[in-house]
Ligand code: UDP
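As structure tokens, one chain now follows by itself in the form predicted on its own.
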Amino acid sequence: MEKNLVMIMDINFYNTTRQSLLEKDLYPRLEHGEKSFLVTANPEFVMKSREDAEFKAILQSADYVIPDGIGIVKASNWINDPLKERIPGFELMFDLLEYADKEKLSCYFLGAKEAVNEKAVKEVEKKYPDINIVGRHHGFFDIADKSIAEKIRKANPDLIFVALGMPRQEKWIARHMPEFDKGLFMGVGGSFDTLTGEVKRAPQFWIKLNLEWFYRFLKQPTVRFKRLLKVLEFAVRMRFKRE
């Protein structure tokens, strides 16, 4: 089946709904043991791809790039090629964990600080008692280190959640995924920190208004100021077609 794609600054976003992505794409591929590389991208990803040719090539080669960011959806409307909906990566991760629990699939958790990683795994085990967690590792290592990838490959997980931050997580996946026989690889950014409560997610009110990004900015203005500037640059470029 040919995918319906929307191009934003040379990056093809998969134009689908969250439910359809899961039921028609990801679940069947997991069932058949097919390898998949899933990128949940926001405007920062697109802007990073403009200055990092390696990262751009990785995004262009991924199996699925989905719009995790209301800015991407709005940009698609501006170019009259609207994406169906925003698909939040954090929520998609839980959809996949729930499916893994139901189908007794195996998972590996890579990334974040050691204490956060350990706590995240415990939270997942508590919430999903039938899930099979075959390993975990913190995110403080050289992504060129083949021994970690080999350790994960031997664990033979069905899902590999990689929380190394953008673009490091995507570069790790692109570098090591060819060594694996199966697995859905998904970069999840700071999701382990959110899962454990180290970082608070925006209240539902903010999420429903698509203002989660602004809530995060208010909570960490110094940390997120440069990111906000990139998002604003993205909006200006897309709104006035200055790609």
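Since we're looking at a predicted model, the values are computed, not measured. Don't overthink the numbering: it's just position in the shown sequence, from 1.
Not on display, but discussed next: the form predicted together with the ligand.
Mapping the unseen interface onto this chain, residue 100 falls outside it, with no heavy atom inside 4.5 Å of the ligand in the predicted bound form. In the predicted bound form, the ligand sits within 4.5 Å of a heavy atom of residue 164. Proximity of residue 227 to the ligand in the predicted bound form falls within the 4.5 Å heavy atom cutoff.
At a distance threshold of 4.5 angstroms between non-hydrogen atoms, residue 189 is in contact with the ligand in the predicted bound form. The listed set 168, 74, 153, 119 contains one residue whose heavy atoms approach the ligand in the predicted bound form to within 4.5 Å, identified as 168. Looking at 190-198, 25-33, 177-185, 51-59, the stretch with residues near the ligand in the predicted bound form, meaning non-hydrogen atoms within 4.5 angstroms, turns out to be 190-198. Taking the ligand as positioned in the predicted bound form, the residues of 77-116 that bring a heavy atom within 4.5 Å of it are, in sequence order, 111, 112, 113.
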